[in-house]
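One chain comes next, on its own, written as structure tokens: the form predicted alone.
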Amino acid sequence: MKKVIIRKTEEIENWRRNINSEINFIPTMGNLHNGHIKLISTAKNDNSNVNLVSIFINPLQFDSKLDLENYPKTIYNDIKISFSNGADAIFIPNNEDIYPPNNKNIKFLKAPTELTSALCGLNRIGHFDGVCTVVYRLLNLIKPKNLYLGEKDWQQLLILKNLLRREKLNIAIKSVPTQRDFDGIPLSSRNLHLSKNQRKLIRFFSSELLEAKINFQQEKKINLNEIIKKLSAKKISIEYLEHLDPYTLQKTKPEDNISLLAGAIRCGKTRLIDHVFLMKRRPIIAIDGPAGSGKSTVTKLIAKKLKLLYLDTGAMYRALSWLLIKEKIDYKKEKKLQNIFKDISIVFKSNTNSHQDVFINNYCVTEEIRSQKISSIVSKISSIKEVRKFLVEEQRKIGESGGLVAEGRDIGTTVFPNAELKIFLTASIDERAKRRKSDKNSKDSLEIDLHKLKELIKKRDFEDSTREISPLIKANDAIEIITDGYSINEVVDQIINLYYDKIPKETEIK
């Protein structure tokens, strides 16, 4: 594709009509650095879409005319950087193109008060209104499929996510973790204004935040006053330092697993921001749903793509059911089960095919537990109070440090009620019966009539949803996904997008 530079808004529509492709959009104000390069290269590597970089210094985002005039302008170098790192087109409009005089069609937007009443919004009055206005204008001109933004400006990222929802724009936001320079400070177009001494101060500030993150992983608490005291001792001018909920920007609560430590300081005339995310444990994805909804297949793929542990809780119940039947243990005598469970070990091991085998008391039962015999009895055994108590405790032990995706029927409601993302995966009975019929891992399904299979699924649904203990129900905060008509990969991509909408990518950086 021929690389082009577009300077007029009226040229955008013609260009868009001729490319015959979806667009990845990377908005910038120029003076590009390695953080911008990461955005452009990520967009290039993500998909085969056309990549458009815009360079526009938005006057509505500046606190003063002097600040606007002093903003670095490096247009020729920006063009070179953009094209050499994956941009197919660059949009460089002037102020009159974006804000035509006397044009009543320009929509000047207000950022949501609930997201601007903290952090940078306290002192930069109107800044985020300017961000919303220019991004909305650019999105309507360009009509991209994906919008690439850096997590360095976390508050701005939240506000723009809100903008897309509010304006009902069908555009996916793809975020990129904060990129840091050789000395640990976040990359910023304003860093070139720093003197050698001022850079030392921002480096000390950033190192204190990163140190607080390390300490939080061990102690699960933070002392803001202690950090402020250290910064003040270095004569660092603190504009704010806050410990907040990363999604609402309100004060963090004790039960929050992920929180945000964010601050802004001033070095001379330059204002700089930085933040870290604090986690008590790694994130958890809980996927619930009825039998045959595709939970296992979807969960395995998500675990592989996100490099999370795959916890097949259904296999744990099947393995235990298999053992009770094999050993002819009367599972109806609940009191005796407690002593039996003391000697039971269920573990998962990766096999040579990169799949997961299930072992109970060192015996591999991966295939045996998928028989119709086990399928017909597992719901009854799962409903036994002592059985559920034992396995829920085992599952919670596995999940103590997080970093897993678990599937079952009570994961989001009982096992991990504080999971960061809860999915209720379901499908019609017809669809589930067809899937079970074609499942090569289901030993008996190939021999069972489709009508009979539907009746068995209905029976299983009824037993799972009406049992007294931990019935199959959708958690109040779970997102329901009906998979009829969708491929496995489409479902997986949808859940991964939901995950990244909730989990900052910076949390993956160790």
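Residue indices: 1-based, along the sequence shown. Please read these numbers as outputs of a predicted model, since none were measured by experiment.
We do not show the form predicted in complex with a small molecule, though everything after this point is about it.
Looking at 455-463, 22-30, 476-484, 41-49, the stretch with residues near the small molecule in the model of the complex, meaning non-hydrogen atoms within 4.5 angstroms, turns out to be 22-30. Contact annotation: residue 135 falls within 4.5 Å of the small molecule in the model of the complex, judged by heavy atom distances. Using a 4.5 Å cutoff between non-hydrogen atoms, residue 470 does not count as a contact of the small molecule in the model of the complex. Under a 4.5 angstroms non-hydrogen atom cutoff, the small molecule in the model of the complex has residue 131 among its neighbouring residues. Taking non-hydrogen atoms only, residue 156 approaches the small molecule to within 4.5 angstroms in the model of the complex.
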